[in-house]
Structures are given as C-alpha cells and as structure tokens.
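Quick setup: one chain, the form predicted on its own, written in structure tokens, and binding and motion questions come after.
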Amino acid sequence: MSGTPWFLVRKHLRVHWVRTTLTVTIVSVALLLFCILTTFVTSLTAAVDQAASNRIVVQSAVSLFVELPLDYHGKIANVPGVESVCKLQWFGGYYQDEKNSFAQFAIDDEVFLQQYENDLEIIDAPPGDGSLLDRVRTAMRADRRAAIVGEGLADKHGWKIGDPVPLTGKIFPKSDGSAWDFTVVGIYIPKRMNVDDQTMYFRFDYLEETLTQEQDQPIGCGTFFVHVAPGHAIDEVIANIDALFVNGPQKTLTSTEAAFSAGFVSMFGNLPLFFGTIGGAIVFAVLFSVVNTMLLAARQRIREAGVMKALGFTNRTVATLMLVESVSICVIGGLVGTGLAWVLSEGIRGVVSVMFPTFAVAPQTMLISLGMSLTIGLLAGLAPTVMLARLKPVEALRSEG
C-alpha cells in the first residue's frame, strides 16, 4: 500500500493526551533549565571572549580590593608603549534602598570615553551642537557630578537626561551621612559583551575632591586601565609596568583585559563544570524518561502495526510513524522550554543583574537547545522504531498488547 497515514501520529498524540502532555512538560522543563544554566556561564565568559586586545589592567598584586597609590597613574603613563591610562574605582553605593545596588565606577571621563569608544554607544545626551558623544563629553566636563548610565539601568529606574541620581555610599560614605549627588548626562548601550547596560560611570575627580576635603587624606585607585599604542608588544608593556613597581610601595599585577576578566570569573569557582554537570544529568534523565515513554507507546501499538503490515504498509512506514511521534513530542517540548527561557530571561536578569549584568539567552543557546530536543526525539524513538520495524505481522496480530 502506498502513502504514509500521517494522521495516525496526530491521533496517537491526542488519544494519549495525558502521557503526551507529561512528556512534553518534562522535556520543556529540562531544556528551560539547560538554557538558563548555560546562560549563566555564557554571561560570565562573554567579557573574556570580547575583551579588547589592546587594553591591559593594572591592579594590586595582593588583591583586587587593595588600592594603588594615585601617583602610579603618571608613572604608568610614562612607560614606553602606553597610549593612555584611565582610573577605574568601584564605588559601591545604592540608590534609595540597599536593594537597589548596581555597579558604579569613578573614571577619568575623557580617557574612558576614548578607550571605550568601540565598546559602547551613546544613545542620548543633553541638547547642543555636535554628536551625541561630543555632547556627553562637554556635559561631563561642565559638571563634576555628571554621570553616564546604561540603557537597562535607566529604564529600570526611569532615569532621563538631566535627572538627579542620589547614591548612598557604603565604601565611601560622606562624613555627614548624606547621599552623593549625580546627574545623568548620557545614556549608552553596549556594543560588545565586555560592557553591560546596568552600570553607572562618573568623574573620578568628584570622588577624589570630596573625600580629600572631608577626610583630609589621599585616596587610592582600585585599577588602572591602559591602552597600548599600536606597534608595541603587550607582553613587553606588561612586564615594564610591573618592573616599575617591583619594590612597592604596592606591587602591581598587570594582565590583559581578557585575563583580568577570566580571573574575575574564577572568583565564582568552576561554574562551567558545575552547571555543565547539572545540565548533562538533566538531559540524560530526560532522555531515559522519553525512551521509556516511547517503548510503552510502541508496546501498545503492536497490534496496530501488525494490521498495517497485513494491509500492505511497509516496515519503513510503520517505523517512520513511530519516529515522527517521538520527534514531535520532543521538538514541541523543546520549543516550549526554549521559548520560556527567552521570555523569562529579562525577569531573571532583573534579579541577578548585580552579579550577571549581561544575562541574556543567546541565539546560539536557543539553537543548541532546539537541536538537543531533536536529538533526544531521534534517540528516544530509535529503540521502539526498530522493535516495530522487525515485528512480523502474524506475531503482532497474536499479541495481546
């Protein structure tokens, strides 16, 4: 008999709707978890993968939390091969409530905007002449309280150009306990994953002058970001900077931006291995569950297969129907689970934005998830497909299944 009765696939899925629903749900939940766990890993490693190749980071050899003297700035700038140096100091404040914590950095604004011109794009600035970037530069120079914020952060708190942003300092509290006052003069979006849209940058000299006046003591700087001039070997520049401070007062540890980001990721432990192990266990558990489900479905379909073969349908047709049913269940589950991961990612990002500011399910992750659902469907349908294909019509019709 010619043709394939595809309606039988739909019929079986509808008749055994409870089993179909449960199997689809299991696959959906598994691939939802896979997408979320994978996204945590890719969010951590994105900064490493997209770090600038001509930017290096100078920090204390003791710890990232030990400040370097400010006079290191000028000494680093005089090292052969150094094009520019930018101070970057973690501020550690919160907006209105301690729950509203996000990343804030004090920076050398002009140098920062030059160094990160290819990493972020200004999308809003005060009115004036020139490009958006030029208007932000002008506004930053005109007001020492000026700050630029990421689009995601601005949307979260409803900030617009000119809005005041009071931050209560935890690492750098003001002597009278009042909040630090900032004004939004620029909103940016990331061009690359080594920059996120949940950060605020403000002028370092505002932090320095205020603390010096109030506490009458010099402050240091957590890190110096250095652009290496074209034509100079990065390894040589790194070695010369560290040699310059080998006798202190603070020894330095200089590394490429990629290595610095990788070191920061390592502070979380071996998350790729941890999440990978969990994800692998989930996938294998689901695979065995679906295999068991499809074997049960095949046993219930033995007599039907015998009738089809007696009517002239080939072994290939019977096997194909079984395989298509298995693949359909898993692909539907994959679409649901992957879609849920994409929908929920924004909400998850809002919860984990302090530690994972670039959290977003990547298209590659969704494609891998859908590919896994197809693979699970094929593997799960293989055993029952072979069983029905090898079945002889007489044996099948005598079966009580």
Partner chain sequence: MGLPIGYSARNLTVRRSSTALTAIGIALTVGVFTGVVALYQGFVDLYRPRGSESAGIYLRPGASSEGESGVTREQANIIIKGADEIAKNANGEPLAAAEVYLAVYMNKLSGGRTNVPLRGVQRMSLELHASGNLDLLEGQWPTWGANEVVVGAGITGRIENCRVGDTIRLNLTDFKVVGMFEHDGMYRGEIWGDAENMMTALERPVFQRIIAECKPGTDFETLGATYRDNKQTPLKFISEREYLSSQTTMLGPTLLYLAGGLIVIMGTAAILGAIITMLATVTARTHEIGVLLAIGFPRGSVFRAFLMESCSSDCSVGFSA
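Positions refer to the first chain, counted from 1. These numbers were taken from a predicted model, which means no experiment stands behind them.
The form predicted in complex with its partner chain is left out here; the points below concern that form.
Colleague: Could you tell me which one of 367, 70, 374, 29 places a heavy atom within 4.5 Å of its partner chain in the predicted bound form?
Modeller: Checking each option against its partner chain in the predicted bound form, the one that comes within 4.5 Å is 29.
Colleague: Quick one: of 289, 210, 138, 194, which gets a non-hydrogen atom within 4.5 angstroms of its partner chain in the predicted bound form?
Modeller: In short, 289.
Colleague: Can you tell me which of 111 to 119, 185 to 193, 248 to 256, 144 to 152 lies within 4.5 Å of its partner chain in the predicted bound form, counting heavy atoms only?
Modeller: This holds for exactly one stretch, 248 to 256.
Colleague: Taking any heavy atom pair closer than or equal to 4.5 Å as contact, tell me whether residue 335 reaches its partner chain in the predicted bound form.
Modeller: Contact with its partner chain, no.
Colleague: Might residue 173 be said to contact its partner chain in the predicted bound form, defining contact as any heavy atom within 4.5 Å?
Modeller: Answer yes; at least one heavy atom of residue 173 falls within 4.5 Å of its partner chain in the predicted bound form.
Colleague: Answer with yes or no whether residue 22 is in contact with its partner chain in the predicted bound form, where contact means some heavy atom within 4.5 Å.
Modeller: Yes, contact at 4.5 Å.
Colleague: Heavy atoms within 4.5 Å of its partner chain in the predicted bound form: does residue 360 have any?
Modeller: Flag for residue 360 set to no.
Colleague: Even though the chain is shown alone, can you say which residues of 57 to 75 have a heavy atom within 4.5 Å of its partner chain in the predicted bound form?
Modeller: In sequence order, 59, 60, 61, 62, 63, 64, 65, 66 come within 4.5 Å of the partner.
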